[in-house]
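Have a look below at one chain only, the form predicted alone, in structure tokens format.
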Amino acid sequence: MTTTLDPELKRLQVPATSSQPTNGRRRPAQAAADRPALLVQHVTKRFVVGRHRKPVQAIRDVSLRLEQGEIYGILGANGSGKSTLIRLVSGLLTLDEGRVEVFGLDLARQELAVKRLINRVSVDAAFFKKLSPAENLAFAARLYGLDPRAAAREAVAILARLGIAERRLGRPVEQMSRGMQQKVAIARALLTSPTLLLLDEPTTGLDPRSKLEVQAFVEEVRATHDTTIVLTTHDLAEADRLCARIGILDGGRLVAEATPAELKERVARERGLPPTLESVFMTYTGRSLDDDEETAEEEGD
């Protein structure tokens, strides 16, 4: 399978060296060090829910700026717009208003080039269920124009790092647990060495040990590949551990943004609450995380 690259992406490519990702892509900051990894400017998204009802604003005038190598967490109650924002940045949904840029490339005008710099992992990963993890990852490698043999070796190494032994790679995905499938989805995303990795609740459904393995690997990917990561999560300990900054969405609006330490200090100083992310979540969303999870279970979310 031959993959034709967008001219904008070719501009970012150099031959692979020992210091480059295995797929040979140069980190975009080498081409434009002054550009943010992700720039979201005044983004709004509306959904029409009925012929005689007003459109619902899922995202309302949200602006973000992420620098290369940053892990940025997005917290919010169910229905706050977290997943919608991820889908907008990844190009799965079109913008109603605003602008998204990835390393200076405009999503609306240079969609193919942007999408080749991004990979996304969602809580409901999609696979060819009859195929094995190895076959699913091989297909992803072909789509991204990776060398098949090098990609196969890298896939085995990534899956092993996530706790999946090589002997299990031939089993159909449909025979694997949800947690194991989620690990395969993460491995598939990391195989392409994305410069911007969008993780939409990636550890949901994982047991505590697997969750820690994934978190450690996310930190490793950021450190070794200088990957910029956007993480949505309901696990406040995960956000506290991984994220350099956190943005909180409520009703589609960005209502707070700072480092975890700054947010905790703020609620302690201004509200007299314990300096925890639980206090931060309650302050800016008006509900506890336990309430939010119970609502999700009742709604089947």
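Each residue number is its position in the shown sequence, starting from 1. Worth saying up front: this structure is predicted, and the values here are computed from it rather than measured.
Same protein, other form: the form predicted together with a small molecule, not shown, and the subject of what follows.
Engineer: Using a 4.5 Å heavy atom cut-off, which of 259-267, 42-50, 236-244, 272-280 contacts the small molecule in the model of the complex?
Structural biologist: Of the stretches listed, the one contacting the partner is 42-50.
Engineer: Taking 4.5 angstroms as the cut-off for heavy atoms, does Ala58 touch the small molecule in the model of the complex?
Structural biologist: The answer is yes: Ala58 has a heavy atom within 4.5 Å of the small molecule.
Engineer: With the partner left out of view, is Leu206 within 4.5 angstroms of the small molecule in the model of the complex by any non-hydrogen atom?
Structural biologist: Flag for Leu206 set to no.
Engineer: If we define contact as a non-hydrogen atom of the residue within 4.5 angstroms of the partner, is Arg116 a contact of the small molecule in the model of the complex?
Structural biologist: Although the small molecule is absent here, Arg116 would stay clear of it in the model of the complex, with no heavy atoms inside 4.5 Å.
Engineer: Consider Ser80 of the chain shown here, and say whether it contacts the small molecule in the model of the complex, taking contact as heavy atoms within 4.5 Å.
Structural biologist: Flag for Ser80 set to yes.
Engineer: Go through Gln181, Gln110, Ser90, Thr84 and name the one with a heavy atom inside 4.5 Å of the small molecule in the model of the complex.
Structural biologist: Exactly one residue meets the criterion: Thr84.
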